[in-house]
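Next up: just one chain, as structure tokens, the form predicted alone.
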């Protein structure tokens, strides 16, 4: 086996709840080396640094640290664009939690600066790199459903205010079920079917206020200023069509739905917020759904896999699979649902992206094979 390239030195900005799975998983990838972390609440960074064996720095010091090549941005969504731009300005490649930014204009600024600076941009989610969705990709590419005709995606819940102690951002612009959960479904669909050409949408706010159900603010009512139920249609450049619903207004227990139907059958894919299976197929002549095995890949919670893929891209001179261009395309799709609802017309997108390269079946554990 050929020796692995020198590990990429990583700094993390943002040490909130999501950071633990990133720290624990990134430590398992031999092509990543955790150097430092930072947070506006400095004691949080100190706790994570002690727990995971790295330095705690201020944000400014982390960006100025010459050893760090790649910044992982785990801040709250409203800070994604400014932190991404600051890291790129400091000469660091970036990997950002979803979404890449809250507006397409900011996404374009990020991509333009990265191109000018010869740096790479990666963007979550990276769940589409897991064995479940990659098995679906392999099945589609082999003609398992024939020519894809339609995709159906649905995420429906009663909202996060019942369990989240600080849910305000979920119900403010840049939040809502589309910007919170839509990236998982839309990123998976673009990976499976390619980029989107046009979208249409309807949106609504069902309840003007929500009541916090957990934590020290339990019982407090908060305003809702962003749509909490979004229904969209998509036209893919490939000719396939799709529908998507994301909702914080549904009290029934809905199973996450992601299905693709083609001329020769239907493929039911796993929850795109996970890395594993199961998958099912329904073909003409079969009396019931058949389970598809997941023969390879990452099937447990492997957040940080996209960071490792970007590190591999840095060392090998290729594009990352969970790319900034993909993330920017998803942001424009999500924006366009609202624009369509506000203007009563279909929206033709201005962005596109390459369909991400598939993962290979013989990838070594915790190493990205090219």
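For clarity, every value in this text was computed on a predicted model and none was experimentally measured. Positions refer to the first chain, counted from 1.
The discussion below concerns the form predicted in complex with a small molecule, not included here.
- The single contact residue among 303, 55, 33, 315, judged by any heavy atom lying within 4.5 Å of the small molecule in the predicted complex, is 303.
- When you look in the predicted complex, the only residue of 274, 156, 266, 75 with a non-hydrogen atom within 4.5 Å of the small molecule is 75.
- The closest heavy atom approach of residue 358 to the small molecule in the predicted complex falls outside 4.5 Å.
- In the predicted complex, residue 49 stays away from the small molecule, with no heavy atom inside 4.5 Å.
- In the predicted complex, the small molecule stays beyond 4.5 Å of every heavy atom belonging to residue 11.
- Though the partner is left out of this view, residue 92 does not reach within 4.5 Å of the small molecule in the predicted complex, counting heavy atoms only.
- Just one listed stretch, out of 286-294, 79-87, 239-247, 114-122, contacts the small molecule in the predicted complex at the 4.5 Å heavy atom level, and that stretch is 79-87.
- Every residue of the trio 39, 44 and 184 has some heavy atom no more than 4.5 Å from the small molecule in the predicted complex.
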